[in-house]
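One chain follows as structure tokens, the form predicted on its own.
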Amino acid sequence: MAQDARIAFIGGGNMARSLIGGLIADGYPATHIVASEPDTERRERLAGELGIATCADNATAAEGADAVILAVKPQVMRGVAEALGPIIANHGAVAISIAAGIRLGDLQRWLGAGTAIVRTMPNTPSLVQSGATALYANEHTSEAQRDLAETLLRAVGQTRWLENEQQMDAVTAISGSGPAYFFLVMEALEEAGVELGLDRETARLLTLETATGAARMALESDDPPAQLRQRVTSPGGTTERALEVLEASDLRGALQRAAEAAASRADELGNLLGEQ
């Protein structure tokens, strides 16, 4: 990403703060970043801790920016986008939405025809620079603008471009909602440890470190999770006995149904938010 690109964040919430922090940690100059945030205390904290320029007015922040990151709640996106559309178009900037559920067609309608737009779906681990973000751009987005958007999101984790926007509902079901599935498993394992006689602190530590270790092994291995599972499952052993219970309980089917329900709800919310 060109180090002279000016980046404007519209909204200074947790995800915006994470992105800004990741950019600065990657060496991007804080002097080229501005954020608008109506809450005075949050605005002052952004300026004080990250060293960026801040303001209360969205239009002031977006003026002259090369990329405008729309980091506001989905429920207020329409009003924000319609107000900023002429300013973004004036400078030929790319608008990057990190709002869940807002479809590209609706963003195009609110921002104005011809606007370069990238729709993204970051997940909550982005807050600790371990995110997984899917991106999809419209036909008005140049290669340089795509690169700019990707670099911004890569500051907080891995990125992946989608072949079509319809895949975004699946992304929501797997990576967007996915952290909650794993938190539920951690919660259940911790409780199981306590029931088996461990104190809660020990049960939690063992659960979290095991989850971290398993994820790291999967990330660093060229083998699929199925092979990794088979390697740690000795015939007639404890792991095999435990997995038999999980398979008999239809864990795979439950996760499949959960993902399908999340994707269906994402589609419903896209319809509702687009009508607002």
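Don't overthink the numbering: it's just position in the shown sequence, from 1. Because the structure is a prediction, the values reported are computed rather than measured.
The same protein has a further form, the form predicted in complex with a small molecule, not shown here; the description that follows concerns it.
A.B. asks: The small molecule is absent from this chain, but in the predicted complex, do Ile10, Asp39 and Arg42 each have a non-hydrogen atom within 4.5 Å of it?
C.D. replies: Looking in the predicted complex, the three residues Ile10, Asp39 and Arg42 all sit within 4.5 Å of the small molecule (heavy atoms).
A.B. asks: Examine Leu104 and determine whether its closest non-hydrogen atom to the small molecule in the predicted complex is within 4.5 angstroms.
C.D. replies: It does not: once the small molecule is placed as it appears in the predicted complex, Leu104 has no heavy atom within 4.5 Å of it.
A.B. asks: Report yes if any heavy atom of Asn123 sits within 4.5 Å of a heavy atom of the small molecule in the predicted complex; otherwise report no.
C.D. replies: Contact with the small molecule, yes.
A.B. asks: Do Val76 and the small molecule come within 4.5 Å of each other in the predicted complex, heavy atoms counted?
C.D. replies: Yes.
A.B. asks: Taking the small molecule as it sits in the predicted complex, is Ala71 near enough to touch it, meaning that at least one heavy atom pair lies within 4.5 angstroms?
C.D. replies: So Ala71 counts as contacting the small molecule.
A.B. asks: In the predicted complex, which of the stretches 230-238, 30-38, 246-254, 217-225 has residues with heavy atoms within 4.5 Å of the small molecule?
C.D. replies: In short, 30-38.
A.B. asks: Only one of Ala137, Ile98, Leu148, Ala155 has a non-hydrogen atom within 4.5 angstroms of the small molecule in the predicted complex; which is it?
C.D. replies: None of the others qualify; the residue that does is Ile98.
A.B. asks: Would you kindly say which of Ala116, Leu111, Val80, Met168 lies with a heavy atom within 4.5 Å of the small molecule in the predicted complex?
C.D. replies: Looking at Ala116, Leu111, Val80, Met168 one by one, just Val80 meets the 4.5 Å heavy-atom criterion.
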